[in-house]
Each structure stands twice: as C-alpha cells, then as structure tokens.
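As a starting point, one isolated chain is supplied in structure tokens, in the form predicted alone.
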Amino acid sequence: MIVAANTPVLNTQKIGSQGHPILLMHGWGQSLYSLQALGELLGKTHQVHLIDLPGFGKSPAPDEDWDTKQYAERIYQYVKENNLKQVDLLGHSFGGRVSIRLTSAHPEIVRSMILINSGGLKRTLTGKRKLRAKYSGLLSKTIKQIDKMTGSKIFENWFVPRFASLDYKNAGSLRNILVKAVTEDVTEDAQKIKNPTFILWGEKDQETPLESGERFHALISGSQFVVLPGKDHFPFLGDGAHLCARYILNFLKTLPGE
C-alpha cells in the first residue's frame, strides 16, 4: 500500500470476507476496540473494516491540526487504497462527523451511511447551561489574552482544571483538533446527503442528546431514525451490541446488492 508523504498510516482490523464492505469509525478518545463487538456481529455476513482514526488507537496523529474534512479525505484514500468501489459507512460520535463529511463530499463511493449518536450539530443551550457557556467563553478569551501579554499560564493551570471538558483535558496533542471538531457544524453537509441513511440513537445520551438525532433525521432526506430506550452515548456496548447489530442488519438488507 502506497501512502502519500505526511499521511498517517491507518491501523485497521478486518473481520469477515463475504458481503458488502462496511467501514466502522469510532468516537473521540476511543479506538477500533470500542466497536469490535459490534464489528464481529456484522462480520458474520459483511466485510467489516474497523479503523483507528488518525491520532487514536494505534494510528499515528496527523502532522497538522486536521478538521473533520481532512479526516474524511483520509478515509476516502483508504477506500481507494483498498480498491473498494462502494462502502457502507458506520460512524459513532466523532466518527459520525467524519462519515457525514465523507458522504457529502464523495457520495459516489458510499452505498449507505449509519450514524450512531453522531456529533456535528451545535447544541441548543438554555437557562443555566447557556449562561455557563457564555461566562466560560468570555473568561477563556480574557485569560488567554492575559497569558499572551504576560507569558503566564493561567489558562492551563487554573482555567482548564476548573472549566474544561474531560475530553479536552485528555486530548493532549490533539487539543486543537478537538476544538475544531466541537466548533464545526455539519448542517450544510447533512442537508446535501441523498444516500440511504440509518440513524440509531441512545435515548439517554448526555453528550449528544436525543434532540441532535431528531435534527439529523430532519436534515437528511429519507433517513430512518430509531431510538434505543434506556441506552446512553455508547448504545453498542455490552448486550447493546446485539441490539444495534439487529437494527443495522435489517437496514442493510433493504439496500441494493444484499
């Protein structure tokens, strides 16, 4: 496999050799291992490609601070490198953002798209959440300006421990990529998608709330939407793997070539 200079080599795991190829992309801070149980179930009838996105698992990070469009282009390269003509894309959370970007930019290589608790839409904040976000945003800008002028490290030593999300605290060298990702809005890309789309959502998700799933369903023409009662941001863990696989396989059976 030939990879262009400065392009991270992807660590992948393939399960199954029969049926249509389906690419599984994990969420932020995760790796292909998080989707392995689901992949093994889908791999009984399909050619599953579990992928460590650049900077996660065993895939090296990109040399630059990528946005999700650049992540999508890397997956597009992967499809070409492996001579896959058309694929099904399955993206969880951050992987959902990448799936939407890729499907919008290169619809010809995507047979279908499956989103599981996908990120990509700005949350509608109200009440205390809205006030807290406004306050922390203003405080962040002020402190960064002070650090820039004085050479202090108030933002890193005081602001981050008190106000930053757990993902931000743990992001390390990927922090700028995380900031890009969470501030992106994929609404316009989602509206362009005409490929068959199946949206699966945990009812009790606190990271990407149910409202986001409903909005994606409204944005993506002809999409199917299923809510999993009692499930959270990771509906495919534990016994949820069998539940998610059943819904996904039923959806795949309706597609051409099955």
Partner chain sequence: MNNGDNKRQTIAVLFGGRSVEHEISIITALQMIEAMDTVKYRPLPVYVAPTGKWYCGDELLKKEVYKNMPASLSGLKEVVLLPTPGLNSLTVIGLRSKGGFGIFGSKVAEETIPVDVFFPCFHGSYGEDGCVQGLFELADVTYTGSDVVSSALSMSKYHCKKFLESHDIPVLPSIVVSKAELDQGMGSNLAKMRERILAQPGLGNFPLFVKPATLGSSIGVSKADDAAGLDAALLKAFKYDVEAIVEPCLDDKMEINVSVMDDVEAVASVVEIPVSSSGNELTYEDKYMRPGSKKNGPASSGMAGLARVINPTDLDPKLKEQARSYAKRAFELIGCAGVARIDFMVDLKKGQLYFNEINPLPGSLSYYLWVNSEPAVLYTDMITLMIERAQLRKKRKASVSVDIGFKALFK
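Numbering follows the first chain given and starts at 1. Here the structure is a predicted model, which means the values were calculated and not measured.
What comes next is about the form predicted together with its partner chain, which is not displayed.
- residue 228: touches its partner chain in the predicted bound form, heavy atom cutoff 4.5 angstroms: Residue 228: yes, in contact with its partner chain in the predicted bound form.
Would residue 219 show up as a contact with its partner chain in the predicted bound form if we use heavy atoms at 4.5 Å? The answer is no: residue 219 has no heavy atom within 4.5 Å of its partner chain.
**Prompt:** Is residue 9 one of the residues lying within 4.5 Å of its partner chain in the predicted bound form, judged by heavy atom distances?
**Reply:** Close contact is absent here: in the predicted bound form, residue 9 is far from its partner chain, nothing within 4.5 Å, heavy atoms only.
Would you check, heavy atoms only and a 4.5 Å threshold, whether residue 41 touches its partner chain in the predicted bound form?
-> Residue 41: contacts its partner chain in the predicted bound form.
>> For a quick test of understanding: in the predicted bound form, does each of 175, 177 and 182 have a heavy atom within 4.5 Å of its partner chain?
In response: No, none of the three is in contact.
- Task: May I ask you to list the residues of 229 to 250 that have any heavy atom within 4.5 angstroms of its partner chain in the predicted bound form, in sequence order?
- Result: In sequence order, 229, 231, 237, 238, 239, 240, 242, 243, 245, 246, 247, 249 come within 4.5 Å of the partner.
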